[in-house]
Ligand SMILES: Cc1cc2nc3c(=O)[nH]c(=O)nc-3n(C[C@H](O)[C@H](O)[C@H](O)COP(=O)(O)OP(=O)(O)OC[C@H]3O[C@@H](n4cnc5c(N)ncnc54)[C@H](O)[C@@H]3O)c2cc1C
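Next up: a single chain in structure tokens, the form predicted alone.
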Amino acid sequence: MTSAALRSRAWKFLELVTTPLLPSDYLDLVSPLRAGADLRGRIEAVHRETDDAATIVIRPGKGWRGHVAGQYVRVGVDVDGVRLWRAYSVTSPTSRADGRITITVKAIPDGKVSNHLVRRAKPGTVIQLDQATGEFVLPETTPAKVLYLTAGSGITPVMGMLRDTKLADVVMVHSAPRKEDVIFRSDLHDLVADKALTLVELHTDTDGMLDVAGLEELVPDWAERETWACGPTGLLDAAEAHWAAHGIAGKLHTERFRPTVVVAGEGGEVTFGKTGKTVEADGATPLLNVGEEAGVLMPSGCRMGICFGCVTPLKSGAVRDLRTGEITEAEDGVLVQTCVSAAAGPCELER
């Protein structure tokens, strides 16, 4: 008998003796970051940046494929028994020697995940990860002159760029309520001391809000610079209008942080994004059935939650696992099993 056949027979025996769990379930307990497992990460340290922001050092699993500076990663965190997904910019350089990555999180009012990570996360905690994604990145050929326009936590993707790529001529205009609220303030001033950055730091509590129309007073050659902007919607809307008015909209690259507002309940309006259908669903009918009854082509398999043949991206809202009662909230399309999940409020599926 070949070694492959022996391994196959041994695995089938393990499946038999570990039922209803699988051998991989036990491996996940002792080696959650192993190759072949679902992508996870282990929190190794939490460093305070400001009163309401912290940098989380994560050791990613062996399936991690790396990131490009400026990209974000979605993380799944268990908060009070509910797994919640959020997206955060990677703030570490791509070439970090120890293979760890960092995300920097600002706690927002009523933010379940952000407050948990900033105030309660402990080293040793295992979290879920997706691969890094996002197009808010520098081009392969870096521009001669760059402007970073940021506010609040919008500095996080840009910090990843600054740590990763040394530029010949880079200016940053950054605003925060007070100097104590400037995330990475010490790092930024170190870059200024090394002549690697020209920094315009504004404190809105005393200086007022940044008026994009008056940007020329702060950065006289702003229109000559390729610009990356990240921050509140008002800032980005104003920047887009200003750049467009000067006929240089192509020089502006923006990253918008969209707050997630989820209304959880029993049942709700289910939208099937690709087909444009919207139907009402109760809190007990599997989304697979809801879609099929609405005439939507839904992938399926065992219809028992075992084969994962029905997994579908959840674009927004919340669903409830009919087996466990666990609620999953979504941002940017976490996958859910539609055969064992029901609407827990308004939600949208990518079907």
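All residue numbers are counted from 1 along the displayed sequence. All of these numbers come straight from a predicted model, not from anything done at the bench. If you superpose the two forms and keep the largest set of C-alpha atoms that fall within 1.5 Å, you have the rigid core.
Although not depicted, the form predicted in complex with the ligand is the subject of the following passage.
Although the partner is absent here, G76 sits far enough away that none of its heavy atoms falls within 4.5 Å of the ligand in the model of the complex.
In the model of the complex, the ligand lies farther than 4.5 Å from every heavy atom of R96. Taking non-hydrogen atoms only, P109 approaches the ligand to within 4.5 angstroms in the model of the complex. Looking at R256, you'd find a heavy atom of it within 4.5 angstroms of the ligand in the model of the complex. Scanning V113, L215, A238, L197 against the ligand in the model of the complex with a 4.5 Å heavy atom cut-off leaves one residue, V113. Note on the partner interface in the model of the complex: the residue among R185, R163, H242, R86 having a heavy atom within 4.5 angstroms of the ligand is R86. Within 4.5 Å of the ligand in the model of the complex, a heavy atom is found for all three of Y72, V105 and T156. Stretch-level contact check against the ligand in the model of the complex with heavy atoms at 4.5 Å: of 248-256, 120-128, 215-223, 187-195, the positive one is 248-256. Counting a residue when any of its non-hydrogen atoms is within 4.5 Å of the ligand in the model of the complex, the hits in 297-312 run C302, M304.
The two forms, fitted on the rigid core, differ between this form and the one not shown by 2 Å or more at the CA of C302. Relative to the superposed rigid core, the position of the CA of I43 differs between this form and the one not shown by less than 2 Å. Distance between the C-alpha atoms of G81 and I306: longer in the model of the complex than here (change of 3 Å or more). One change in the model of the complex concerns C339 and L84, whose Cα atoms lie at least 3 Å closer than in this form.
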